[in-house]
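Just the one chain here, laid out as structure tokens, in the form predicted on its own.
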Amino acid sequence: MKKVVVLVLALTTIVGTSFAQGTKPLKKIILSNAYYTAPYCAAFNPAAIAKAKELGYDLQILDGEGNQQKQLEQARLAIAEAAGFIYFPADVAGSVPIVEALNKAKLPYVIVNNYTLDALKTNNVPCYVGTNVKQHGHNMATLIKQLLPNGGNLVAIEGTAGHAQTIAFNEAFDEDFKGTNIKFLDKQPADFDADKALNKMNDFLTKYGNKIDVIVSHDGGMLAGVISALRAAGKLGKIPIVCAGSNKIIYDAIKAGYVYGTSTQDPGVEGALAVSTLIDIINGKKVPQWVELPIKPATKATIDNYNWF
């Protein structure tokens, strides 16, 4: 019995010394990322991890696989064992059960990247860290108007049909092109996939040919497919492109003159801001319901003012 007591005392001393020396285990937070493998998240995820470590937290990132049911399970895991949760949703429409579960559990959480301001209020989300997604549409519309001051014809390679981003972009275009001579000949979803974008762009070129004045790509990943189609058709650099995003594909294409401009968004800044905001909430600090990530249009003259991934 004496040996047991001595052993317990020894372990207590070791643990106590460990805490005193500043080696206390980090607190755990969980991030469920619906687009874990997307190029954007190759910059978002490491920045989030680095910021968490800097602030004394261990961030575990889980692949949501674009599946809201899987993300609901990950939210429940966070409720059971984490100090807080970062939710990078697959889509706004499917987020309601997850938001309801988090609100009911009263777990500190933030939503990042893709959420509408209307849904933020309707769904009683305490904090969203990200852009006003619709602003990307307005930024692209500004660039398109610079290219087509007297009007012209557009085609668009969109993300997923019914996706909140797709809807928001089109709402902005409808508002900004109302009363102008700028119109869409066609819009087709490519599900954020470069190969699908290539096929859709080939279809546009076959169907509309020289009627296309500007091409709109809803992100940089699909832009790679658009560029491949134009190159194969001998039209690369002959039809200006406007897009949204800040990846290296876009940067290089603007430098080369294939893309006129883009609406920028910095994933590293967003990842770090999401983590620091969540930790503020965990620590009882008051934060705004919307912590805005600024986004601006960029062209060849200004692209070196922004970060690219």
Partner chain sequence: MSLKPGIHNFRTKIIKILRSQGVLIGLVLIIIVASILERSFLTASNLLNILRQASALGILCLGVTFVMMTGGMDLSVGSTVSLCAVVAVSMMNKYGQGTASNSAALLAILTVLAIAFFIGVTNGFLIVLFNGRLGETFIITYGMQIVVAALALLFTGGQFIAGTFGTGLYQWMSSGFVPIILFLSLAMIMHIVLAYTPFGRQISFIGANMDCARMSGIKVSGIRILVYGICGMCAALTSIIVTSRVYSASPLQGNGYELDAIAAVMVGGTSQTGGTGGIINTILGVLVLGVLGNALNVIGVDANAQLLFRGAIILVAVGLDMWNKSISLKESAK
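Numbering follows the first chain given and starts at 1. This one's a predicted model, so the numbers in the text were calculated from it and none came from an experiment.
In what follows, reference is made to the form predicted together with its partner chain, a form of this protein that is not presented.
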- prompt: With the partner removed from view, which of 93-101, 79-87, 115-123, 185-193 is the stretch that lies within 4.5 Å of its partner chain in the predicted bound form, judged by heavy atom distances?
  reply: 185-193
- request: Have a look at N153, S228, T166, T131 for me and say which one sits with a heavy atom within 4.5 Å of its partner chain in the predicted bound form.
  value: S228
message: If the cut-off is 4.5 angstroms on heavy atoms, which of these, G66, G268, P240, P39, is the one near its partner chain in the predicted bound form?
response: P39
query: Would N199 sit within 4.5 Å of its partner chain in the predicted bound form, counting heavy atoms only?
result: yes
field: 4.5 Å heavy atom contact, A224 and its partner chain in the predicted bound form
entry: yes
- prompt: For D203, is any heavy atom within 4.5 Å of its partner chain in the predicted bound form, or not?
  reply: yes
Interface membership of K207, its partner chain in the predicted bound form, 4.5 Å heavy atom rule: yes
